[in-house]
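Next comes just one chain, in structure tokens: the form predicted on its own.
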């Protein structure tokens, strides 16, 4: 059985028919790996994340996650596959402000039988994750909209981590944080993902964070569409 979680081969994609925005010959991520992705605006970071998550499909080449070619699935099948195997931490967190922190975390299980399987007490699992990420019981029970930015960020991370998906995608999740809060959150996220056995693909403009990861991708160098 292959140890690869992600396999990209001769990947090409363009938002317009007459241009190529992303052109990557080959990239691999091992199961449980930690990958830092950097590059300025326009380098293809968001496009790459959309391809990995199955939001869009490659014009040519292949994107494989856990051996499954994303381009071979229908749109609805990609949605199901993403819910089963990928936890996503958005830059703006995308929490529901009128739900408690715990209820926001439980949304991570709503569309995934696989991630929910084996969790006897879902609320207890959500509380445990929030505690692991540094939130106490009072904050876990508070409405998400009443929490600070740093606290909301931890709720978003717990929602992505619950049910131990194979891959956590974190898209600029520390951009609104000061240096101390950023470093603390990153340490907590990586520790929690290791405990869950989840790989992490972490996107940031901040190159100083790269030392925390096993691999570092600079899309300015990897993307042939920009290199030539």
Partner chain sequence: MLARIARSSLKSRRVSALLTLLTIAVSVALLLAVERIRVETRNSFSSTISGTDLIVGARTGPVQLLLYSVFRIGDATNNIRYASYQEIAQHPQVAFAIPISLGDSHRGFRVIGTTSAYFEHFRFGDKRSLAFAQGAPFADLYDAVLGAEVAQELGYTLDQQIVIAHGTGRADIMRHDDKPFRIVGILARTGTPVDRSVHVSLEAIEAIHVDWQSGARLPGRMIDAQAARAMDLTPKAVTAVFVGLRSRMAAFSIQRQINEFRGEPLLAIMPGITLTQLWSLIGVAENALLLVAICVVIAGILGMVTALVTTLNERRREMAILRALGARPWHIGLLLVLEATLLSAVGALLGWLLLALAMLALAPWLASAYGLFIQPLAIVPRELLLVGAVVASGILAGLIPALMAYSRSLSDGLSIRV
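Just so it is clear, the structure is predicted and the values come from calculations on it, not from any experiment. Numbering follows the first chain given and starts at 1.
FYI, the form predicted in complex with the partner chain isn't displayed, but the following is about it.
A residue is said to contact a partner when one of its heavy atoms sits within 4.5 Å of a partner heavy atom; residue 53 meets this definition for the partner chain in the predicted complex. Residue contact check for residue 82: one or more of its heavy atoms lie within 4.5 Å of the partner chain in the predicted complex. Taking the partner from the other structure, the partner chain in the predicted complex has a heavy atom within 4.5 Å of a heavy atom of residue 96. In the predicted complex, no heavy atom of residue 71 sits within 4.5 Å of the partner chain. Contacts between stretch 184 to 217 and the partner chain, counted in the predicted complex as any heavy atom lying within 4.5 Å, involve no residue at all.
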